[in-house]
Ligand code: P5A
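As a starting point, one isolated chain is supplied in structure tokens, in the form predicted alone.
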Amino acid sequence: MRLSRAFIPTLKETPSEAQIVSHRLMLRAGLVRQHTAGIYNWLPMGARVLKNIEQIVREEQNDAGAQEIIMPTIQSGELWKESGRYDDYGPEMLRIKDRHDRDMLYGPTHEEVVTDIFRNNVLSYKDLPMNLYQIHWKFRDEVRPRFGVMRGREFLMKDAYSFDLTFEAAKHSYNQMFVAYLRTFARMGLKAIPMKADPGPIGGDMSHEFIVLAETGESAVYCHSAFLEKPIPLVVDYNSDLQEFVDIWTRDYAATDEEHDQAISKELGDKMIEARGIEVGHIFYFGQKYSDPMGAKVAGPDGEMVTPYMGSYGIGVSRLVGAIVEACHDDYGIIWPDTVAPYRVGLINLKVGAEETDKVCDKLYKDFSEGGLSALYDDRNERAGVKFSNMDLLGMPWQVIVGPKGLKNGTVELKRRATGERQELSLESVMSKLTAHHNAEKQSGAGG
């Protein structure tokens, strides 16, 4: 994309309503604009990041054996009355009436809908285990939406729902999602720590939330320093027994401020990390909480009807954009991890209109595109300082800077945004380095 044609409404000044880093930078970099309290328009740069995050989530869910569906945003209130949650969920659920005076709602979650799909279409234990997921918009009427997309009212979420014949099988499905979540966040450049959690209105008695450490995180968290060294599995056989791996990740102490035990802090001493964190995912096992009252049953191996055991698994896709910015930024702007960046390369022409610089930039822009490296090309007739500061704000992982001085020596400058490291390289070397880095990244972490 040529910056001269791109819709990226950046801001020089920080809007007064932005209280945290991610909100400030997402507004300044033109990722989002507020529509009304807690509801945002996602502009082209923000939409590209959302799609990249969504694709990583989708690949990892598919690899773990989940199947994608799409459920309606507007749900029947009757289903929620069957489960007993219609009156229990609280004012966060937006209740509405249709023209026939039927109770409807804008879905804050989809346990009832997916259970209805299951009970009407799955008849035998031979179809189990089953895990259905979607990546879809939800609405929760937060009493005080704040912090931009971190605590909005409308949000994009991945929610998956597992169905199993026995508790043991349901626990295996839970473990599959546990491992898939670790892989998912690692591919986004994040180290997410699983912590035991309160299941809240979802219900159930086994639950973990995944917390990304960030200096500006919303919650205080406490964990053993061993978490910083725990390896993420690059290759997983999801049909194998995953309990040992999950045990490795849950045996050391980790807690949010609500669950923290001060005595354990004293016991662990300098092995205890006190930090800030952001919740980016939550998984729940809740057994027959929904399948039983809603009459979901399958024929078991002996012909007897069995009520399946369920779990649900959420990832805040739109929330992750804010979490990544909170964890990956400096004083100059955003520092996108390669896998989620709106563009991999920021191409800067320091002398627009000069024949040689225009020619080289056009060639690089074409080569990047053909090599699968998305590029944002700053072809505006602006001062160099403006271009540098703007590209740092937008946060592309790599910057390729083309100017008359370097071209006299047959080189361009390559800058790594995360480290600030700069190299003078030939055109061929720039393409080789960026292509090699891109291919190595795909081989090392990609699912799907």
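Just count from 1 along the sequence shown to find any residue number. This one's a predicted model, so the numbers in the text were calculated from it and none came from an experiment.
What follows is about the form predicted together with the named molecule, which we do not show.
J.: Quick one: which of 258-266, 151-159, 224-232, 170-178 gets within 4.5 Å of the named molecule in the predicted complex, going by heavy atoms?
T.: In short, 151-159.
J.: Classify residue 292 as contacting or not contacting the named molecule in the predicted complex by the rule of any non-hydrogen atom within 4.5 angstroms, answering yes or no.
T.: Close contact is absent here: in the predicted complex, residue 292 is far from the named molecule, nothing within 4.5 Å, heavy atoms only.
J.: Considering only heavy atoms, tell me if residue 142 and the named molecule come within 4.5 Å of each other in the predicted complex.
T.: It does: once the named molecule is placed as it appears in the predicted complex, residue 142 has a heavy atom within 4.5 Å of it.
J.: Please run the contact check for residue 118 against the named molecule in the predicted complex: heavy atoms, 4.5 angstroms, yes or no?
T.: Heavy-atom contact with the named molecule at 4.5 Å: absent for residue 118.
J.: So, residue 284 and the named molecule: in the predicted complex, are they within 4.5 Å at any heavy atom pair?
T.: Within the cut-off, so yes.
J.: So which of 194, 107, 314, 342 reaches within 4.5 angstroms of the named molecule in the predicted complex, heavy atom to heavy atom?
T.: Flagged contact: 314.
J.: Can you pick out, from 279, 164, 378, 326, the residue that has a heavy atom within 4.5 Å of the named molecule in the predicted complex?
T.: Looking at 279, 164, 378, 326 one by one, just 279 meets the 4.5 Å heavy-atom criterion.
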